[in-house]
Structures are given as C-alpha cells and as structure tokens.
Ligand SMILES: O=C1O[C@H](COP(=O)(O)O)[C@@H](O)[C@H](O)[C@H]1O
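The chain below stands alone and is given as structure tokens, in the form predicted on its own.
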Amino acid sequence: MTTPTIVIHRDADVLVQAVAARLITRLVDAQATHGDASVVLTGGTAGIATLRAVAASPACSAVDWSALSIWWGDERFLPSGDPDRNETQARAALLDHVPVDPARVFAMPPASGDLTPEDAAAAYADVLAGQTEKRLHVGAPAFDVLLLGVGPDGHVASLFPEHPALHDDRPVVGVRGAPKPPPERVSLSLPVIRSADEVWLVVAGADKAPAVRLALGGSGPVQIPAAGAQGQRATRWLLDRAAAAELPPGLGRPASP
C-alpha cells in the first residue's frame, strides 16, 4: 500500500474547489491513457459539494462524460429516488448536468419489495466483477479514483468501527445495524476499496479532526476504518484546516495560504 499524501486547504469551500479541479484533471489523464475512466463517488457534505463544483467548473467539458464509468462506494438502502440516497444527491449535483452514458452509471440497487441489503450487495458484486474484468483485460485499473468521506467516528463508505462488515471479504457487503440512520446500507468492502488506483479521502470540519489524527497516527482499520483506506498507486488525504487541526506539526503540506 502507498504512503499517504496529506494536503491541507484553507477552508471547506477551497477544499471542494481544489478537489473538483484535481478530479477533472485525473479523469482527463486516465481517458488519455486508457480511452476511458472509472470513478467511485461518495456522499456526504464534502463529497456532494465536490460534485457540484465539478459541474460548475469551466473545465467540466474537458472530461468525456460518455467514456466514464461511475460507481458508488456505498449507499443507503432506501427506495429509488429517495432524497437521502447518495445516487439521488449525485444525480442532482452533477450527473443530471453532464452527458453521461446511462449504461455506465452503476448505482447500487435500491430497497424494493423483498430485496435485502445482502441481495443488493450480491447483485452489485456481480456487475462490478464483470466490468472490472473488462478493464483489467485492457490494462486499466478497476477504478482510477475512489472518493471517500470520513465520519467523526472514522468510518468510510458504510464501514463503521468494530462492525462485522469490516471482517467480510466479499467485494460488496450488506450492512445492518449501522450506528447512524438508516441502519441498512450497502458498501464496498475494504479489499475492493484498496483495489483502486488512487483513493482520495476528502474531509472537512473540526468534528472530523480526531478521526483524521487517529487514522494517520497508526490506528488499525477495525478501530478506525479510514486507516485501512489506501490506493494501489496513491492515497490522498485532502483536508481543510479544521479537519487537520489535530495533526502533529509538519504533517501535511498547506495547499493555500
């Protein structure tokens, strides 16, 4: 796994603008290399704000949106169109405003009828396996960029501290009894998160500072799941000053005055 790169931005607004610009550049570079690109989206305040910033960027059209595969790191197991679903929020923030190929937008299955979180996880794993095989066959990584937020407790995706899902080595896991609502969710597992070429943890706010300190200070992924989120080629912690406030002096480089 890679040594984390830590970049500290002045505030949350500057952070999301910088991450949006970085993401556009990374996707354009991936498309130049492989002919297409693959990204895993995250929800949360900073994650959705980043997508809005991408949509508003003058460079947005530099991405060939029809040649981008879009995945989610986790999802709240709620009915299709529910405003609390990460998919719903991502569509409103970005995907409804760019010419994506609908066949390449891979949303996690919504709650419907007798479908369980475990059923949804198994279905998503099947789709993921087929698409990943195609990318690996042409020498491309499973995911070029995988975006994550970090909760105050150190969770990433829907992998919560001490939760059984952390010990599940299936690629996609159904989550029950999550400590924040809704209790039923679907999440990529840590092994799949670690298969990404680059993992970016986008974190803003003073309430996240203890989790950031612990994740970067040697805690294990069972206690602080964010500590286990690492990319194959790069792991980037993209923080605002408030989220970085408890890091030791000299750890991380300022991105702006």
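So that there is no doubt, residue numbering starts at 1 and follows the sequence shown. Note that the coordinates shown come from a computational prediction; the quantities given were computed from them, not determined experimentally.
Here the subject shifts to the form predicted together with this ligand, a form of this protein not shown in this document.
Enquirer: In the predicted complex, do L27, S69 and D144 all reach within 4.5 Å of this ligand through at least one heavy atom apiece?
Expert: Per the other structure, none of L27, S69 and D144 touch this ligand.
Enquirer: So which of 144 to 152, 166 to 174, 91 to 99, 109 to 117 is the stretch with heavy atoms within 4.5 Å of this ligand in the predicted complex?
Expert: Flagged stretch: 144 to 152.
Enquirer: Can any non-hydrogen atom of G44 be found within 4.5 angstroms of this ligand in the predicted complex?
Expert: G44 belongs to the contact set for this ligand.
Enquirer: Would you classify A121 as touching this ligand in the predicted complex, given a 4.5 Å non-hydrogen atom cut-off?
Expert: Contact with this ligand, no.
Enquirer: Taking heavy atoms and a 4.5 Å limit, what residues of 70 to 99 are near this ligand in the predicted complex?
Expert: Heavy-atom contacts to this ligand in the predicted complex: D74, R76, N86.
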